[in-house]
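In the form predicted alone, a lone chain appears below as structure tokens.
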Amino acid sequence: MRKFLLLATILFFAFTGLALAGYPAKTIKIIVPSKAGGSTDTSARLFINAAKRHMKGANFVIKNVPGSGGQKGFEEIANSKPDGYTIGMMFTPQIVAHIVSKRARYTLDDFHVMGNMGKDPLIIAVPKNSPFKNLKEFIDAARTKKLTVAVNGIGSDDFVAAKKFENLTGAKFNLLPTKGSTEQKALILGGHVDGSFMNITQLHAQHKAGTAHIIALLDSKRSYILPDLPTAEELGYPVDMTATRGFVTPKGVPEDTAKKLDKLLEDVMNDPEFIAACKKDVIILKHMKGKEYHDYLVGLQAEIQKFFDSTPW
């Protein structure tokens, strides 16, 4: 009996101690649905560095969950305990593309959306010795014969962008799914493919060095990273595709905790040291608060659904 009372007392004080300490009273896990070292992983690590300045005493740990174009990671976030100690990064269009294609075992309703952190417009790149010196030559060739282009998996932003070009121009691509930007870079640098649809942050350095050639940016306006690079729309091909990277929690996180996490992301996005670190690592910032980003995701899912209905994969 005395042992039972002692154990009960210990548990009582342990529980009340955590309660008095307030949130967060233990390490917060950030699930990153990609391999370590990529742009999404780097974004999460920069977030942590700044978050520690704005949530005093908080500790964070990253868990990388790569696979299936982010699907495995998205599902793990959705199925995590909604106590505020698991948050996750997500990226578009994959998070909604998996829902549209009925591969996902989650919906947008399974998440509390904290907000968006960054964006990463797509590019079309070719090897340095490619016979195609501009976008027109690339598209004209793809109208007469299939060109092999690398993309980051089925349903990815790369994949959707390539399909949009096929629909708009009559071009035909042999889409080569890869395991990520590292493989795409190797294929372009080695001249093993005709081209690649990928993100600007993944190949801008090689373009500047002359080891690869970017022929178009798929965004509404030019990028400060490569200001001389024209957009596809400027060249007569109005195709936009921009990846976004944001933060979510599982649905059901206590309201007070969710507000603290939303505020934390907002504080980080306004942190001058964080902004400078992102610029140094070529992470393009684009802040959207929770409701705005949620609405963006809902709209994007509707857009991808229409596209999938006409061009299923």
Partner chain sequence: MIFQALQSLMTPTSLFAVFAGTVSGVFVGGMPGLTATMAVALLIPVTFTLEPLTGLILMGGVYCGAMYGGSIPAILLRTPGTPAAVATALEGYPMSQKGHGGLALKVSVISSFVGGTFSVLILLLIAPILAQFALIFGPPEYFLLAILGLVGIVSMADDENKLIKALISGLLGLIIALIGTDPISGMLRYTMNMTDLYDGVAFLPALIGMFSISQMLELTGTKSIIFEPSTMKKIKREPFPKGLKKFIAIGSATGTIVGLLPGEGATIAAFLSYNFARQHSKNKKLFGKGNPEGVAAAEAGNNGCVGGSLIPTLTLGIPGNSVAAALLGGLLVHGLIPGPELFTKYGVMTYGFILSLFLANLIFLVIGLYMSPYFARIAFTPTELLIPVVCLFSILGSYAMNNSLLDIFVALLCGIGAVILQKTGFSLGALILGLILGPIAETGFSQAMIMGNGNYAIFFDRPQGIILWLIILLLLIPPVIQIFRRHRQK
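Superpose the two forms; the largest set of C-alphas matching within 1.5 Å is the rigid core. Residue numbers count along the first chain shown, from 1. Worth saying up front: this structure is predicted, and the values here are computed from it rather than measured.
Missing here is the form predicted together with the partner chain; even so, the following discussion is about that form.
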Query raised in the report: Which of these stretches, 132-140, 114-122, 180-188, 239-247, has heavy atoms within 4.5 Å of the partner chain in the predicted complex?
Result: 180-188
Query raised in the report: So in the predicted complex, does any heavy atom of residue 42 sit within 4.5 Å of the partner chain?
Result: yes
Query raised in the report: Heavy atoms within 4.5 Å of the partner chain in the predicted complex: does residue 270 have any?
Result: no
Requested in this report: Please check if residue 254 has a heavy atom lying within 4.5 Å of any heavy atom of the partner chain in the predicted complex.
Outcome: no
Requested in this report: Report yes if any heavy atom of residue 107 sits within 4.5 Å of a heavy atom of the partner chain in the predicted complex; otherwise report no.
Outcome: no
Report task. Decide yes or no: are 82, 221 and 286 jointly within 4.5 Å of the partner chain in the predicted complex, with each residue judged by its heavy atoms? Result -> no
Report summary line: Assert contact residue (the partner chain, in the predicted complex, non-hydrogen atom within 4.5 Å, options 168, 226, 235, 176) equals 176
Query - Within 209-228, the residues that have a heavy atom no more than 4.5 Å from the partner chain in the predicted complex - result: 209, 211
Requested in this report: Indicate whether residue 145 shows a C-alpha shift of 2 Å or more between this form and the one not shown, with the rigid core used for the fit.
Outcome: yes
Query raised in the report: Does the distance between the two CA positions of residue 208 reach 2 Å or more between this form and the one not shown, the core being superposed?
Result: no
Query raised in the report: Can we say the CA of residue 105 moves by at least 2 Å between this form and the one not shown when the core is superposed?
Result: no
